[in-house]
Each structure stands twice: as structure tokens, then as C-alpha cells.
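Alright, here's a single protein chain in two forms, structure 1 and structure 2, each given by itself as C-alpha cells.
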Structure 1
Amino acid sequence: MARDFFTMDDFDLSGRTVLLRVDINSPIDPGTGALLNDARIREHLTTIRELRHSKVALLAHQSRPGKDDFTTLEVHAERIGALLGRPVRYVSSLFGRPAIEAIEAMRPGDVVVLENTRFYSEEEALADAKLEKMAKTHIVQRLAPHADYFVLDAFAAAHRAQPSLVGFCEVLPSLAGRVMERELTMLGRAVQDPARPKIALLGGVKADDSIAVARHMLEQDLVDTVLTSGGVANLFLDAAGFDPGAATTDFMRREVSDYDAHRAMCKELLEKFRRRVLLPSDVVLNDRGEREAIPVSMLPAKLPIYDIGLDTIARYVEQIRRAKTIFFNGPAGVFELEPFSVGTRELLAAIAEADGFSIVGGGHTVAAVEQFGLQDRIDHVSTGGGALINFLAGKELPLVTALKRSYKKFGKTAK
């Protein structure tokens, strides 16, 4: 397949200043600020190491405004340095004077980590604006003159059109980094495979994204069945008339923007695709740290839902065994707490054993895969969550579009 975007093979980047946009959005302990998992950081090491003769200014985001893990990138910089075995400087500025001075002071081999791009209002306010407009933001206009190339490696954010992700592609020759390149190649292969049944297991708390994806995949017949768990299932259960109870819905209302509208969407999907959307038949409540399983018919519950129950696990495992292609995005429960890791662990273990081609993705999901030591038994562990699913649903990803535009614009500058 002919490539219509640049990769790191197309330019000699030695001695040059490179803006490297990665996605190292990682689980962080809100209490201590400690990094709970560095899987995404480790993924990007290939790209960072390959740039060891360049001057690298690294851009990234962490979480979203208002969330309790919305923090600076200081711990990320420390971890990158520890993994590379050399100091990596963190600057608490994205495009202010300290950032520019740090970039100008770099020597080949240096890596500077700039501040969380989402601390700056342009990043969110101009999301989805026209590329030309994003190229005119302060983020782009202040940084681009100090760089020679933009390396876009943030596959996990490939579905987010935000200035720090796509704005530079208009003004600098922009190349896919190694993570981006590998993901596009692997996922492209999976999508073209016509084998059926195809199933999608959607969990986690980013339920708003997952619902849109479920709808697209079902309507376009890209999967035969959607199996819900985690926060996604809580919303679907509510839509199906099983009120989870205030302890769960209060949490969901904080996590999902416009909860009622999303619940209405779930209801519509359930009416339209009744047999193709599976809901948990039992859930596990958190009773002072202990599992308390109940059938969904016993909802609402005073205690919060923390996992799916054994009956649900058995039903889902059966579907996993029969599937030819399996997509898994978002954990089935609060797997970080041992007693509530059962659902996520059993589903992932079944996927690891299944004959079907398996694609697993999402920041927290990858952390779970690693926690259970299953990473080598899954066909492709993607760095992407929403990006992965959007790609698999056949949607054009804004970051890929931007890379293609940059290729057309700067085509003559390649070596």
C-alpha cells in the first residue's frame, strides 16, 4: 500500500530541532500524583531513541480539565529520563519564554518536556476548528519558528483535532513517528480481514465516546455484537430500566458529559439493536472493599458497582471463544483494586486464549493487560483507546488527515 504521509525514514533529522507530539496520557494516583503505569511512555521510547542525534522538544497532554488526574508533565519527564538513562528536562511552560529558551539551549541528544498542552485554553477551545485556524494559535505560532520538523507520534489521540496535535502540520514538514506508523499498519490489516463474527467489548468510564462508537459499529455492521461492561454498562443498564442506584449514577454523572442525553442514546440503541447489545446480567458491588454480587434485577443498590459478575463473565467468554475478530476497549471494572479485577482479568485471559484475531487498546486497558502479564498473548496491544475504535469504525482520523496534508504541502522537502 502506497504511503501518503511522511515517516521518519523520509528526512535526515540529525542535529535538527524536532517538536515531538506524543500521547503519554497515563493513569496517575490523584492523591500522591504518582504515575501508576508507564506503558505509553515506554511505547514512545523507540521514537525518542531514534531521535538521539536531534534536539527534541516533547509535547503531550495529561487527562482533561476538571479531572483529578489533570496534572503537569513533571512525573512523565522524570520517568522518560529514568527509562532513557539520561536527564530529561521538564519546563513548566508550553510556549512562554522559559519554553523557548529551553528549546534554543538544547544540544543534539537533549530532550525537553514542555507543559501539559491542555493547561492552555486554545487547545480545548479551538478543538475541531479548521486546520488553518489551529495553525494560527499561539501554541503553533510561538513554537514552530524554533523547530525544523514536527514528528506526530500520538496515535492514541489521533481522533482529537487540537492545535498541538494537528496545527503544526500546516507550517512544518510533519512525519509519523514509529508508534503512529506501526499502529496504522497493524490496524489496517485487522480491518481488512473479512472473517466473522466480529465482536467489540466496550467498558471503562469514557462512556460517552464508547456509545458513539457502539452506534457507528452497529449501524455500519462493522461488528456483530457489542458486549458492555464497566461504566459503559452502567449507562446502558440505566437506559434499560435497571437504575444502578445513586452511588453509581452520581459517579457516572461526574464522568460523562450530558449523562441524560447519553442515556437516551443508549435507549435508542437498545431498541434498534436489542439482540446485538449485551448487558451484564449480574454486577458486583463494593461493600467496604469486599465483593458483593447481585443480579441486575436487584438494582438499584446503595453500594457502588465495581465489577461485572460471574454469570456475565461466563456469557461474554462464550462470545469471545466463537469470535474471529475481537476488539476490547475499556476495563470491565475497577481492576486496580484486586477484589474487583476479576471481570477484566477473566475477559482478557479469554481473549489471550481465543483463536480470533485480538486487538486490545486504551490507556487503562493496556495497564490491565500488563498487570495480568498478558501482553505477549494478544495479537495487537494498541496505545489507542478512542483513536483505536474510531479507526476500526472506518472513520478518518484528524491526525492522519493532517499528516497527509503536510505530505502534499512539503513533499519536495523530503530527502
Structure 2
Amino acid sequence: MARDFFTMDDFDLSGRTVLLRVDINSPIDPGTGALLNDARIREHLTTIRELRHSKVALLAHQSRPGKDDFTTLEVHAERIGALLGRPVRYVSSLFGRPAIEAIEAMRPGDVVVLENTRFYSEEEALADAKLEKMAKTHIVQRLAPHADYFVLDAFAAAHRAQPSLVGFCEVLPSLAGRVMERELTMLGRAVQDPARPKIALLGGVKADDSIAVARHMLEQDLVDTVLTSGGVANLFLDAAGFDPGAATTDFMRREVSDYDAHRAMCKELLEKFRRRVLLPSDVVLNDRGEREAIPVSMLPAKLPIYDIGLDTIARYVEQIRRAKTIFFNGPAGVFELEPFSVGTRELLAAIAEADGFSIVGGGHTVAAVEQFGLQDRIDHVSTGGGALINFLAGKELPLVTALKRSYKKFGKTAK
């Protein structure tokens, strides 16, 4: 598959100064400031290690203003150093004199972590501005003259346009890091592979996002069938005339903005693609922590829906076994509670066993994959939540657009 963006293979980066933008936004204990999980950091280690002969200035963000975990990147730098087995310096400045001096003092093999990009107003205030405007920000104008290349590895933030993410692509040759390259390659392969059937299992509580994905994938014939579960199924069931009951619907209305408009969209999709959208035939209610399975014909229910039933699981597993390509985004139920983890666990186990090429993504989905120990048996576990949803919904990813622009602008400089 022909690429229209640079990767780290296109340039000799040895001895060069590289600005590396990653997404290591991690859970932080607001009381102690301790790092609670380093999964996002570990994702980028391959890229960082490949730059071991370069001088690397790492840019990243942590949370956002007003949040309890909005803090410096000092603990991130410490963890990166521990994982690499060598010192990594944290600099409490992004583009001020301490940052510039730290970059200028680096030798090949050095890594410095600059300050949280979101500490600076430009990062938030100019979000979604034109690329040319972001290229003129202080962040870009102060740092770019001290670097040779910009490596963009933050796929999890690929749906966001902010100066530290896309501004450098206008003024420096910009390359996809290994995380970004792998994501775009795997997702592109799954979408473009002609082998059929292709299916998408859409669940979770962010039903509004998933409905946009379902519409795009069905209208563009990217999948043959959409299998619904979780909150997505609750919305489609309501649209199909199966009232889930007040306990479930009230929760869904709190979680889904413009609930009625999205229900109308579901009804429209059901009318247009009825044979290609599968709904649960049975659901599981939460009866004081115990499973109570009922067919959907018995809805509405006084108790809330917490999982899909065994008949639905069996129907969906059969679809998974036959599929050549499988997309999975959003758990089938409240998997965090063991009694209601059955649907999510069985569907993921079937995907792990299937011969078809499988892609799973989304924060809760990845957590479920790790909880059930299946991460090594899925073809691709995406680091992106919102980025993956936007990609599958056919929306433009600003980081990909920026990489493509840099490719056109600096194409003659590649080796």
C-alpha cells in the first residue's frame, strides 16, 4: 500500500535533534501524584529506542486545566527513564530558556522531557485553528529552529488539532513514529481488504459516536453487518420499538446527548439496513448484583440492562467465526462487574479464536481485553479511543492531514 506520509525509515536520524510528540496521558493519583498506569508510555518505547542515536526532546500533555490529574510530566520522565534503563531529564519548561538550553546541550542518545504542553494557553486557545496559524505559535517558533525533524507518534490524539500536535508539520520534515505508522497501516489494511464478510461489533455507552460509525460503515459498504450490544443496543432496541424500561432509558438519556435525535437516526438505519444491523434477542438485567436474563419481547423491564444474553452471544459468535475482518469497539455490558462480564468476555474470546483479521479499540474495550488476558491474541489493539472512532466514522484526522502536508512540502529532502 503506497504511503503519502513520511516514516522513520525515510530519513537518517542519527545525530539529529528530533522533537518527538507522544501521547502519554496517564492515570495519576491526585493525592500523591503517583503514576497509576504506564501502558501509554510503554506503547511509545519502540519509537524512543529507535531514536537512541538521536537527540530527543519529547513533547506530551497530561490531562487538561481544571482536572485533578493536571500536573507536570516529571513522573512520566522518571518512568520513561526506568523503562529505558538510562537517565531521562525532565525540564520544567516547554519553550523558555531552560528548555532551549537543555535541547542545545543534548548529545546523541539523550532524551529530555519538556513540560506539559497544556500548561500553555496557546495549546488550548488555538485548538482547531488553521495549520498556518498554529505554525506561528510561540511553541513552534521557539522550538523548531533547534530541531531537524518532528516525529509524530500520538495516534491517540490524532483527532485533535493543537499547536504541539500539528504546528511543527508546517516548518519541519514530519514523520510518523512507530505507533502512528502501525495504527494507520493496520486500520488501512482492515478497511481496504476486499475479503468478506466484514463485521463491526459496536457497544459501550458512547452510543452517539458508535451510531456515526455504524452509519458510515454501512453507507460506504465497509462492513456487511453491524452487531450491537451495550448502550448502542439499548438505543437501537428503543428505536426498533422495544422499550428498555425507565431504569435503562433514563441512564442512556444522561449519557447520550440529543437522545431522541440519535434514536431517530437508529430508526432510519434500521429501515434502510434492517438485515445488516443485528440487535440482541435477549438481555441480562441487574437484580441486586445477580443476572436475570429475559428475551427482548419481555421489555420494558423495571431493572436496568447490564449485559447481553446467551442466545445473543451464540448468534454473534457465529458471525465472528465466519468473518474475514472484525472491528470491535465498546464492551457488551458492564464487564467491570464479574456477573455481567459474560457477554464482553465471550465475544472477545471468540474474536481471539477467529481466523479473521481483528481490530479492537477504545479505552474501556482495551481495559476489557487486558482484564481477560487476550491482548496477545488480537491482531491489532488500537491505542486510540476518539481517534479510532473518528477514523471508522470516516472523519478527517488532523494529525494525518498534517503528516500528508509535510510529505508534500518536504518530499525532496528524504533519503
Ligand code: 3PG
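For residue numbers, the reference is structure 1: its sequence is counted from 1. Quick caveat, the model's predicted, so the values are computed rather than measured.
- The form predicted together with the named molecule appears here as structure 1.
- A hinge is where C-alphas change from fitting one rigid part better to fitting the other better; between the two structures, that place among 237, 327, 382, 309 is 382.
- Of the two rigid parts, the smaller turns 26 degrees against the larger between the two structures, judged by C-alpha superposition.
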